[in-house]
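The chain below stands alone and is given as structure tokens, in the form predicted on its own.
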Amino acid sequence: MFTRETRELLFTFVLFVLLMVGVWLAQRYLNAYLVRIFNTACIYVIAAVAYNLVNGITGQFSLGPNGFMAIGGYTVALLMLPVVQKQEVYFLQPLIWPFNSFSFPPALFIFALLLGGLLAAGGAILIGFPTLRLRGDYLAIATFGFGEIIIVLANNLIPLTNGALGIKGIPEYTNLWWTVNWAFWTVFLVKNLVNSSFGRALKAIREDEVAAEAMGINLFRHKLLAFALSAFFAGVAGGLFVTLISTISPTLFTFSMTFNLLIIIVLGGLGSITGSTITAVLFAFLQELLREVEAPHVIGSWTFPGIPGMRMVVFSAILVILMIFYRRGLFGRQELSWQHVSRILWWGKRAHGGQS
């Protein structure tokens, strides 16, 4: 007789196999446009679940995932861009050593992503070490400033980032195999972390820091580890993103990226990994569907010009409406587990049997 943990692990493995079959079918039969949207959706899943670990699970208000994604993105771009391409891209000022003398082969793409994530985690430790010892909104202010500093540095460190021109011609290594795998393992690891004793300590910190500290929980250590882990996955997401669109510039990871992720986790429910995952996928598809509101339209004799940025106006309106009528988000703090799936299937079989 299987234990509950063994059954859940078996179901998770079956889900992983089904996802890999789905990836194979998508790569084989879907057009490039839909594949690109699915890739973007998976990258949003990685970044949103990581962001929710800090904002929703730990209860610390951070506004800096765009900075961590930028660190990961630039790291991967510098490591994976071929040397010949570097000489062509950096025509204003030559790229500094040692990046001008080597590049990773495609087989080492995984190590480039891991290095990007580790550097982003290092940035999180750097900014979190002084601020996470304090309480209140200090983390939000510090992380917002950190993100803006990264953008300013990306604009001005021309020998490293190529400034406002950015880095173009990055090899497109990102595909569904990479994004779906990273999204799956991000959700799996964060979910298991949240269900562990460490995760329960994070939830205790979210509910009441004074009570959590009185129970013997080291507030600073738990918050710093959660913050660093969140930044690591944000850095990986940034690396996957730049090798999907084959370019990076300072405008790619502005505060609007943080705003996108904030919309995702609030709409899905602060503290719900399920909510962040589902809403991230919906957000990626809605972004494409709402391009119509930015395009010019002709109705009879009237011509309505396209208004750039209207998609974000629509998303902001949705967020405001949700906050007014349903503040907890779509899922609140609820999670969809294998127990829920089994219960749903059992009730479905029962209802079907009753009808027959």
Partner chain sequence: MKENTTILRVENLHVFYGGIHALKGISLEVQAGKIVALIGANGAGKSTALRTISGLVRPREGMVRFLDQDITGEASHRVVELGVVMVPEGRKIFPNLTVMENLFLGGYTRRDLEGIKKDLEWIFTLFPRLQERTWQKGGTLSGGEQQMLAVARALMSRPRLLMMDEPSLGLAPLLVREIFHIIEALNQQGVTILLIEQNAKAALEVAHYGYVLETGKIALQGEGKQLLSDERVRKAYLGED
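A quick note: this is a predicted structure, and the numbers were derived from the prediction, not measured. Residue numbers count along the first chain shown, from 1.
Just so you know, the form predicted in complex with its partner chain exists too; it's not on screen, but the next bit is about it.
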* Hey, in the predicted bound form, does A201 get a heavy atom within 4.5 angstroms of its partner chain? -> yes
* in the predicted bound form, does V210 have a heavy atom within 4.5 Å of its partner chain? -> yes
* Mark I217 yes when one of its heavy atoms lies within 4.5 Å of a heavy atom of its partner chain in the predicted bound form, and no otherwise. => yes
* Indicate whether its partner chain has at least one heavy atom within 4.5 Å of a heavy atom of K191 in the predicted bound form. => no
* To do: Decide if the three candidate residues S197, H222 and R333 all line its partner chain in the predicted bound form, where lining means a heavy atom within 4.5 Å.
  => yes
* Picking from 145-153, 120-128, 202-210, 275-283, which part of the chain touches its partner chain in the predicted bound form when contact means heavy atoms within 4.5 Å? -> 202-210
